[in-house]
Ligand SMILES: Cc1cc2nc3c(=O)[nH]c(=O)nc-3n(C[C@H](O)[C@H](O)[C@H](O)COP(=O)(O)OP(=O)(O)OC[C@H]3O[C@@H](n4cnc5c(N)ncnc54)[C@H](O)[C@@H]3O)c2cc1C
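The chain that follows stands alone, in the form predicted on its own, written as structure tokens.
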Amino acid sequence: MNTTGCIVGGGPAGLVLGLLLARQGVKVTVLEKHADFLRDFRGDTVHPSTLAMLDEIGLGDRMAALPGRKAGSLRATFDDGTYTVADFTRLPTPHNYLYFVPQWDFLEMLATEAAKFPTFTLLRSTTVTGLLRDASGAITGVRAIGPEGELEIEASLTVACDGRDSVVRRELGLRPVDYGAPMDVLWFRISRRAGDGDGLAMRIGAGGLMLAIDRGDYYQCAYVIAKGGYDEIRAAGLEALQEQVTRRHPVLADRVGELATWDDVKLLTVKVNRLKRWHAPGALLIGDAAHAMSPIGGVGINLAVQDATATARMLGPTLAAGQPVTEADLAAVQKRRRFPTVVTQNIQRAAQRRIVDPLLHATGRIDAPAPIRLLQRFPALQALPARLAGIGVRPEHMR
């Protein structure tokens, strides 16, 4: 099988890139190892910069029609009260909010729109098993196994969008620099009832924090624990976890029993890492394959989509013209996207070191720190963290 662009991974980065290249007339094939998108995705946050890009390519109305929830602010509750940390309504309209939409709906929408272009192909249930190389060692495509058996896909450019455990990265022999993280996250659902309040709420106290995301009829909860602490929490028993959830979010006291077994609780192992080199001859890595982000700020999807947008804008014309993509072209994409990645990761690492880690080991009363109180005294400052999370350091556009 021959294609111009072979994209490994049908997540947000892969499908956005596939769609944007197909719109330019590039023959593109996306390989997705699962049969569908109906899985328990953890990252469902769509940011204003992504919404703006979808507007630019005419998909704003389609996106708005998906079953999502809008959050205009992020609030944090300490022992001394509740504070607004980020006010997204202070961002430019029309997308002055975070949009929480089931990722399977988002991905299906992208796949459906991309399928309208004759140059786009999505191969589901297809897993990459290796890379094809020419005599010089340059990547010329991938080996994979799909529903009909083994296949080879030859491509002018192979783009790895297959996440932080990237097969392409492993086959290239690339190893990211690991910056560490002091926490992991327990991920679970608890039902939401009328009158509970809406939006995005964080509960902070001695020993940790919990984020409750309003998803309409349920809360998606992220309960932050110390790195490697899952076995200890599990040994203490499910009732102990239920008590901790109740202490963090008292309104849930009458329904924490919905966490009936440990199967209801998923462990997200947090990684923060980054490749020094995002490319090899014939191949490019973007999104989590190039840089795994901390969940702080929920910006992982946003960075991946921005990577894909920049890649499509910078390499699409070359691929559409049938010209070879050079190492210099690939290096230019990395140079463009490395800066916002480094800045964002450095902010996340600072927050982990100065805020999250001390909280995980604290005892006693936890009051809001001085910077949080300053945000309440001068509400206009709440636009700064909102802009950093919602728009990012270097938003990309697709004109």
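Note that residue numbering follows the sequence shown and begins at 1. Given the structure is predicted, the values throughout are model-derived calculations rather than measurements.
This protein has a second form, the form predicted together with this ligand, left out of what is shown; the following refers to that one.
Asks: Please tell me whether any heavy atom belonging to A13 falls inside 4.5 Å of a heavy atom of this ligand, as the geometry stands in the predicted complex.
Replies: A13: yes, in contact with this ligand in the predicted complex.
Asks: Can you work out whether R164 and this ligand are in contact in the predicted complex, taking contact to mean some heavy atom pair no more than 4.5 Å apart?
Replies: Yes - in the predicted complex, heavy atoms of R164 and this ligand come within 4.5 Å of each other.
Asks: Is there any non-hydrogen atom of L31 lying within 4.5 Å of this ligand in the predicted complex?
Replies: The answer is yes: L31 has a heavy atom within 4.5 Å of this ligand.
Asks: Is T269 a contact residue for this ligand in the predicted complex, using a 4.5 Å heavy atom cut-off?
Replies: Yes.
Asks: Considering this ligand in the predicted complex, find the one stretch among 251 to 259, 131 to 139, 172 to 180, 283 to 291 with heavy atoms no farther than 4.5 Å from it.
Replies: In the other structure, the partner sits against 283 to 291.
Asks: Going by heavy atom distances of 4.5 angstroms or less, which of L319, I204, I301, I153 would be at the interface with this ligand in the predicted complex?
Replies: Selected option: I301.
Asks: Could you check which residue among A71, V265, V185, L238 gets a heavy atom within 4.5 Å of this ligand in the predicted complex?
Replies: Among A71, V265, V185, L238, a heavy atom within 4.5 Å of this ligand in the predicted complex occurs only for V185.
Asks: So, G18, L110 and N273: all three within 4.5 Å of this ligand in the predicted complex by heavy atoms, or not?
Replies: Answer is no for this spot.
Asks: Going by this ligand in the predicted complex, which residues of 120 to 147 come within 4.5 Å of it through any heavy atom?
Replies: Contacting residues: T126, T127, V128.
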